[in-house]
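Single chain ahead, by itself, as structure tokens, in the form predicted alone.
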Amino acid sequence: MRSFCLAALLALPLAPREARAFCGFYVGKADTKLFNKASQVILARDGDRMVISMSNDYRGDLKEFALVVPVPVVLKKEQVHIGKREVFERLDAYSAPRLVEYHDPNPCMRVAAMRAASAGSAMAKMSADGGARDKALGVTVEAAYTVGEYDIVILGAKQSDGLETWLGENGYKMPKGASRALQPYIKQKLKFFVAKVNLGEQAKTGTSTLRPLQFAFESPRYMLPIRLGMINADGPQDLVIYALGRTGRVETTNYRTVKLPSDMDLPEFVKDEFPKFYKDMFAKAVEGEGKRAVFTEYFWNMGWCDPCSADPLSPEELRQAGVFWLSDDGSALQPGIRPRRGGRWAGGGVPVFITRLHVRYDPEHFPEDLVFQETADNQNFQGRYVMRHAWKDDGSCPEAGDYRRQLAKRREQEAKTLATLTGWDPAEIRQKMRLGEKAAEEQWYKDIFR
């Protein structure tokens, strides 16, 4: 367990709390490992320049892998790179919703309030031998190359069924119904970034998993295509987006962006059930928004955190995540200036903000791709849930009696909050909390689900 404290909790335990300064022990987080079908994407954008990193959570025969991403321009080989999975893990750990715990101080000890402020041979053969067939299908191979373990082609297409046929004939395992999903992108005259695994190159990596793909381009459109990923889905899918920018919070413009319930006091037993709590709470929030909302789980300046569930990323790690406007000392670069090497991480505020967005999507409720905008909102937010340990020693001062009376009310409110957030059985919550079973005390939870 690690303690992170940027402000002392010196006021009485039941007094109003300062929302911008937290002091406590970080004890757990709700990372992407809680969700079986969670994909992760990093979006780093400044102006019209954008870097997308995609972590391929692919399980199965690598010969069956195919990635098709609509892009606005033809990507050259130098615009495509192999990313680092560790960067995804670091962003996930840093921004994950967290559980923190506090210990109530002795109410008899009143203290003053204080605050601290290269292309492979198979690719070449495909381009050389398939020209006539490609033309007949209305498909143009704009570029072809190999990056790491991926064989990549950039395609232009005039018709969706021709593109689907081309992909099938060239060894890309596309699900049935792909033609319909491809059609809107063809109408928008987008290109298609298509990747499959080069098994020979994959063997050289020494790992059975696929490394993330990262590509950079310029476009006035800030969007992420998600419709192709729903073609063969057997149910709703989770997507976690780490949007990195230099101005402020990122939100969607074509769906509602809402903040998750946060800063809630929960019963102490939730410490052992935090993963279940978070999954059930998120599912209930999704249902409450009609399954059509994008949820903000975290927004903060990447130079610090309070409380921290992981250390902030260094400038080098942020550049690996696609933040092209950052120098080694954490300052912003002017357009066109390359970052210097050998600098040191200075800490503190940096010109990089992270917005963590979580969406559970399916074709019925998310018929459109996600479109984003970066706002001027700089107000920090985190999915943060609080567990408060009661002061248990005896005390004869007047404040001790007041504290015990307020503590009883607080515990009742914690039980009610937990039931409301998750839909858990109120009677079971009270039993785990060892609350009294008097009829008058039970009335609150009988009224919750009227």
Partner chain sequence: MPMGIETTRSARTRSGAEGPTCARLSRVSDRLSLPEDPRWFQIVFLGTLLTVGLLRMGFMITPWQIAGVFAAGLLTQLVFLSAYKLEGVGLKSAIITCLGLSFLLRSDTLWVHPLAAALAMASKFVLRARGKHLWNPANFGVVVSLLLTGHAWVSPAQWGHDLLFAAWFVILGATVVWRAARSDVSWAFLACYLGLCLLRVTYLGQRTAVFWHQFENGSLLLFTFFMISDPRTIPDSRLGRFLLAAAVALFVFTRQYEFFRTNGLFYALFALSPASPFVDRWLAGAKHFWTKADGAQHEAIVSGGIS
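Numbering follows the first chain given and starts at 1. The structure presented is a predicted model; accordingly, all values stated were derived computationally and were not measured.
Heads up, the form predicted in complex with the partner chain isn't pictured, but that's what we're talking about next.
Exercise for review: May I ask you to state whether G171 is within 4.5 Å of the partner chain in the predicted bound form, using heavy atom distances?
Suggested key: G171 lies outside the contact set for the partner chain.
Review point. Hey, in the predicted bound form, is D48 touching the partner chain, heavy atoms inside 4.5 Å?
Key: It does: once the partner chain is placed as it appears in the predicted bound form, D48 has a heavy atom within 4.5 Å of it.
Review point. Would D238 show up as a contact with the partner chain in the predicted bound form if we use heavy atoms at 4.5 Å?
Key: No, D238 stays farther than 4.5 Å from the partner chain in the predicted bound form.
Review point. Would G200 count as touching the partner chain in the predicted bound form under a 4.5 Å heavy atom rule?
Key: Outside the cut-off, so no.
Point to revise | the partner chain in the predicted bound form: contacted by all of Y255, R292 and A376, heavy atom 4.5 Å | key: Yes: Y255, R292 and A376 each sit within 4.5 Å of the partner chain in the predicted bound form.
Check your understanding: In terms of non-hydrogen atoms within 4.5 angstroms, which of the given stretches 269-277, 132-140, 362-370, 318-326 touches the partner chain in the predicted bound form?
Key -> Looking at the other structure, the answer is 362-370.
Exercise for review: Consider the chain as shown here, without its partner, and state which of P225, G162, P105, P184 has a heavy atom within 4.5 Å of the partner chain in the predicted bound form.
Suggested key: Selected residue: P184.
**Study point:** Contact residue in the predicted bound form, chosen from R211, K259, K77, R246 - any heavy atom within 4.5 Å of the partner chain
**Key:** Looking at the other structure, the residue within range turns out to be K259.
Check your understanding: What residues in 196-231 sit within 4.5 Å of the partner chain in the predicted bound form, counting heavy atoms only?
Key -> Read in sequence order, the residues that approach the partner chain (within 4.5 Å, in the predicted bound form) are P220, R221, R227.
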